[in-house]
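The data below hold one chain only, encoded as C-alpha cells and taken in the form predicted on its own.
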Amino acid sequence: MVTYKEIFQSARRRFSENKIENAYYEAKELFCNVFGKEPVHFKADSYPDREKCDLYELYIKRRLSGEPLQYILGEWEFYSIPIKVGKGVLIPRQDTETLVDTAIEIYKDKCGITVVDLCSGSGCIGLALEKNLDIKEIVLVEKSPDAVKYLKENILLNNSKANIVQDDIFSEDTINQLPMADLIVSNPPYLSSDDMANLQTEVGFEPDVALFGGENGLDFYYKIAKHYKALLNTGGRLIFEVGINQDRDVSDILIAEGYKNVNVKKDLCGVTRVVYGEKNYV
C-alpha cells in the first residue's frame, strides 16, 4: 500500500512530466476534493482506502487527458462565489473578473438597477454583480441547454433571484421580453477562425458555441451593439469582455453605433480586457 504523501507526490510528478502548469496546485486541488484535506494534514504512515485511491487515480487520468481541472472538480470560485461547471459550459476565468470590477466601479452608488447578462453561460458574471450591487431585477440570457443546466444550479447555489431566458439573444421574441436595462453585460464568443484552429488542449473541451465569434471573432459585438442599444435606459451602459487585441475594433463598433464615453479597462496582466460605452441620449 502507499501512503497519502506517496500518492500525492506521484500525481504531482506525473503532472510535471506531462507539462501541466502548476502541477503542485492541481494535484493538491484534486487531492483535497477526494480526501477532504491537504496531504500535510495526514500522518506520514497513514494509508487511504482503496476506493478513494481509485477515484483520485481516475481524476489524475482525466486531467492527463487534457480535461480542465475545473470540470473534474465540478465547481470553481469566481469573484468569491461558488460556480458549478462541467462539460457544456464555459469555465469562469480571472480575466472575466475585470468586467465585474468595471461594472461595480460604475454602479456601486446606484440603487435598484436592472441588469441583463447576455450569453450568460454559468451565470458567473450576473451572479457576481447581484452579490455586489443593489439590483432590482436581473435577467440571464443563455441559449445552450447544457449551459442552462448549470445556470439553474448556480442560481440555487447562490440564493439568487435572477430570471433565466433560454433563447437566442438575437431572437426578436427574446429581445421583446427583456426589461429596459440600466446595465447590459456580456462575455460573448469572441475567438476567430484562426484561434479555433489553435486551441489549447484544455480549451478544446469547452463548447465551441461559447467560443467561436465568427471569422474575425467580432460577430457578436456587432450584433449586440446594434440590437441592444434600444433596450438601454438613458445613461445605461453596455459592457463587454473582449479578446486580446480586440479592444480597438470593439471600441470602433460601439462608436459607430452611437454609444458615447466609450472606454476600456485592463486586467491584472495589463491586457485590455473590457470595452464599454454609454447610451446618454434618448
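Counting begins at 1, following the sequence as shown. Predicted model, so just to flag it, every value in this text is computed and none were measured.
A second form of this protein, the form predicted in complex with a small molecule, is not displayed here; the remarks below concern that form.
The chain is drawn here without the small molecule; in the predicted bound form, the stretch among 183-191, 168-176, 151-159, 133-141 whose residues come within 4.5 Å of it by any heavy atom is 183-191.
Taking 85, 100, 118, 210 one by one, only a single residue has any non-hydrogen atom within 4.5 Å of the small molecule in the predicted bound form, and it is 210. With the partner removed from view, the residue among 113, 106, 72, 203 that has a non-hydrogen atom within 4.5 Å of the small molecule in the predicted bound form turns out to be 203. For a residue to qualify, one of its non-hydrogen atoms must sit within 4.5 Å of the small molecule in the predicted bound form; none of 226, 232 and 278 qualifies.
When contacts are judged by a 4.5 Å heavy atom cut-off, residue 129 does not count as touching the small molecule in the predicted bound form. Within 4.5 Å of some heavy atom of the small molecule in the predicted bound form lies at least one heavy atom of residue 90.
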